[in-house]
Every structure is written in structure tokens, then in C-alpha cells.
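First, one chain by itself: the form predicted alone, in C-alpha cells.
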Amino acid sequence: MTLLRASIAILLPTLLLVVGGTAAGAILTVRMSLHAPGAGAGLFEPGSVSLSSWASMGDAHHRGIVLTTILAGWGVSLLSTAIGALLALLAVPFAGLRFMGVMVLILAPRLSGVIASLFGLQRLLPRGWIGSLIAETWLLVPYSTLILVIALRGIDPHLVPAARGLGASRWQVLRWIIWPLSLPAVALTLQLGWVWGLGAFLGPLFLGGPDQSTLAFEIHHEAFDLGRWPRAAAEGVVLMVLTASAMAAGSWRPRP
């Protein structure tokens, strides 16, 4: 048995579990979205088929939520990648214990706990679109930075001194060497931020206002606060489509 076949055989149960679980969840969500709303204390009418939940997806309320979700995805993607790139460029020149110390500081938002970080941000940021966007970006930046640090440290260390020796400025080195070689990692962080932002929940929950409801937040509200599971499932299907679109769009990787 070759190494590739052995690896596939070892990973096959996990892959089947992930694929099967994802497919089962998607199918059950679609089916739930086609149930009639529950009467009285019921969450839905078992065995029923209704498009009433889908009919509400086109109203102004849900159009606004979908637009807010898309904007959150783009905003978190661009902001987390930009901040991650800046932090990565600052961290790469360090080595040894200093590098480890810098990385600990960068990863601090994840090491301190999500809830603790968000409670702290509540004291510093105003509620609204800006606060919600910064909160989601704050949670993602450590991952984006880590990806970009790994990519930058993988660049041949002889290229920069050679370019500088040939008369290239720092800006030219960044523009013509570091930037092209880091493009695959940048594309990955953009995709990661896009998907993360589409599923934004904690940021809108802790720092958002009524006009900053995303699909993830609205699904929770419809299902657990209002008990309207079919409508929450319809919103979940819309979110799945948006996420799948982001994954498909992000599957392209520029060549360095």
C-alpha cells in the first residue's frame, strides 16, 4: 500500500463523517424550511409542506438582513486581511524568544477567551455597525496574521538582501517580491474572513444594534426567541448558499 492510499484509508472515516454530517444537516435544514409554522405551542407542523417561510424571505426586512450579512462578510474579510498583513510584516523580522513573545501578543484575543474579549470591547466601542465589525475582526485577526506570518517566513530569506543589494528600495522589495509571493496566503485570508463575516453572530450580539442583524443572529432569534423554526431554517438555507458561494469564489488561488 502506497503512502497516499494509506493516508486516504486512515482519513476516510473522518471524511465520511464530515461529509455525511454536513449533507445530513443541509438536507434536514431544507426540509425544515418547507414545514408549515407550528400552531399554538408547536414549533412546526410535522409532515406538512408549505412555502410560507420562503415567501417571507423576499420582504424588505430579510433583504436588509441579507445585505447586512454580505457587507459584514466583505468588511471582515478586507479589514482582517489588512490588519493581519501589517502585523505579520511587523512580526517576521523578529527571531527566537522575541518572535514567540510577539506572536503571543498577536494571539492574545484567542488566548484570553472569546466572551472575555467581547465584554472588554463592549466597554471601549459604541454599539452599531462599526462596533460589530471591529468585534468580528478582532476575533479573526489572530488567524489571518498566523497564516500570513507562515507565508512570509516561507519566502527565501536570500531574495530580500539580494534585491536590496541590487539597489531596490524597501517599497520595491515589498511590491515586486514579498507581495507576489504572499498572494496565495492573502487570498486564503480573504476567503477565511469572507466566510467568517457571513456567519457573524457574536459581534452583532454584543455590539450590534437593531440595524446590524445578520442572518446568523436572525436565525438564533427566530428559532430560540420566537420559536419559528421553519423560518429560521429558510434563513439558514440562504446563509448556506451565501457561504457556499464564498467558498466557490475563494477556490481560485493566484500563482506567485
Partner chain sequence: MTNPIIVRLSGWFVLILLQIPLVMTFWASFSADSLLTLPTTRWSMRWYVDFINEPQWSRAAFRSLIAACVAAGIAVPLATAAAWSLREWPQRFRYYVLGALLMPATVSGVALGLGLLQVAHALGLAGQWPCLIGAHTLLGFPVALLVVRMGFTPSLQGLEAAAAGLGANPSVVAWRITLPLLWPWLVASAVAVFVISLNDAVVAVFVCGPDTETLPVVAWRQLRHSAGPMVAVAGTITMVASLGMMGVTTAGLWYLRFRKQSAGGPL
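Numbering follows the first chain given and starts at 1. Predicted model, so just to flag it, every value in this text is computed and none were measured. We call the rigid core the largest set of C-alpha positions that still match within 1.5 Å between the two forms.
In what follows, reference is made to the form predicted together with the partner chain, a form of this protein that is not presented.
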Among 47-55, 60-68, 223-231, 183-191, which stretch has residues with heavy atoms no more than 4.5 Å from the partner chain in the model of the complex? 223-231
Classify A249 as contacting or not contacting the partner chain in the model of the complex by the rule of any non-hydrogen atom within 4.5 angstroms, answering yes or no. no
Does the partner chain come within 4.5 Å of any heavy atom of L242 in the model of the complex? no
Does W138 reach the partner chain in the model of the complex if we count a contact as any heavy atom within 4.5 Å? yes
How about G120 - does it come within 4.5 Å of the partner chain in the model of the complex, if we only consider non-hydrogen atoms? yes
Can you list, in sequence order, the residues from 199-217 that come within 4.5 Å of the partner chain in the model of the complex, counting heavy atoms only? G199, F201, L202, L205, F206, A216
Checking L15 here: with the core superposed, does its CA move 2 Å or more between this form and the one not shown? yes
